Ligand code: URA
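Only one chain is shown below, in structure tokens, and it's the form predicted on its own.
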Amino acid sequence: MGTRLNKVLARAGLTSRRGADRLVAEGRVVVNGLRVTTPGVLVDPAVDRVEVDGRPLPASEPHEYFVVYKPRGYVTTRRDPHGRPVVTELVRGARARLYPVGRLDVDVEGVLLLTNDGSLTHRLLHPRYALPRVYEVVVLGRVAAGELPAWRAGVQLDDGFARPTAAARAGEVAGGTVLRLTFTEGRKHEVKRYCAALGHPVRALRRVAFGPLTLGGLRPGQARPLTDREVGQLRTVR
């Protein structure tokens, strides 16, 4: 018996399960001297020699979990070719190589999970689990309470139908309205595209919850390790 190659790569802390699939598809993984292009092939890390980009697979790292209040201007990746600050720089004291779970645009702030637990990352991002992401959105123009049914009904975007699981007014600002929207898919630019389709472009966007994780008392740029209870809550998301 063995373990799927993409799962082995994720457990080693190299990337997420999805990222491991890309590594294999790009021909960057070699098992026992043979280049592998099928992420589902079974391997035994204790017996088989697995190499990525010519380097042996590192020993498995202990799993670590941090929640970060991502500020605007930070890129949701481990490194950026343009030299912009990246979210992993916000975590101090981590022993493992951490990876962001999902992404937030460079101009978006809010709660972000960083971990080297590839299996958990795959679970949290899989559409079947419909993990709620709650956003505080400042949009241009006034959105009256009577318009909220239209916001809850959903709209057709260029990549399919989109609909929040919840939509509520959270206040008003000069020239705009503050809304609280909950989505479960995490599609690219989904919140921005959704608001624009309803005639109210986004002025500012902040994610205030990612499943059971919230910002709590964190300030922009701050991070903290998750408690065992919080990790347990993430693992039982369904």
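Being a predicted model, the structure only gives us computed values, none of them experimental. All residue numbers are counted from 1 along the displayed sequence.
Keep in mind the form predicted together with the ligand is missing from the figure; the text below concerns it.
Heavy atom within 4.5 Å of the ligand in the predicted bound form - the one residue of D105, E89, D159, D80 that qualifies: Among D105, E89, D159, D80, a heavy atom within 4.5 Å of the ligand in the predicted bound form occurs only for D105.
Partner-contacting position among H63, H189, R49, R28 - heavy atom within 4.5 Å of the ligand in the predicted bound form: By the 4.5 Å criterion, the partner-contacting residue is H189.
Residue stretch of 209 to 217, 32 to 40, 172 to 180, 191 to 199 approaching the ligand in the predicted bound form, non-hydrogen atom distance within 4.5 Å: Careful reading of the contacts points to 191 to 199.
4.5 Å heavy atom contact, Y135 and the ligand in the predicted bound form: Contact check for Y135: yes, within 4.5 Å of the ligand in the predicted bound form.
Touches the ligand in the predicted bound form: V68 (any heavy atom, 4.5 Å): So V68 does not count as contacting the ligand.
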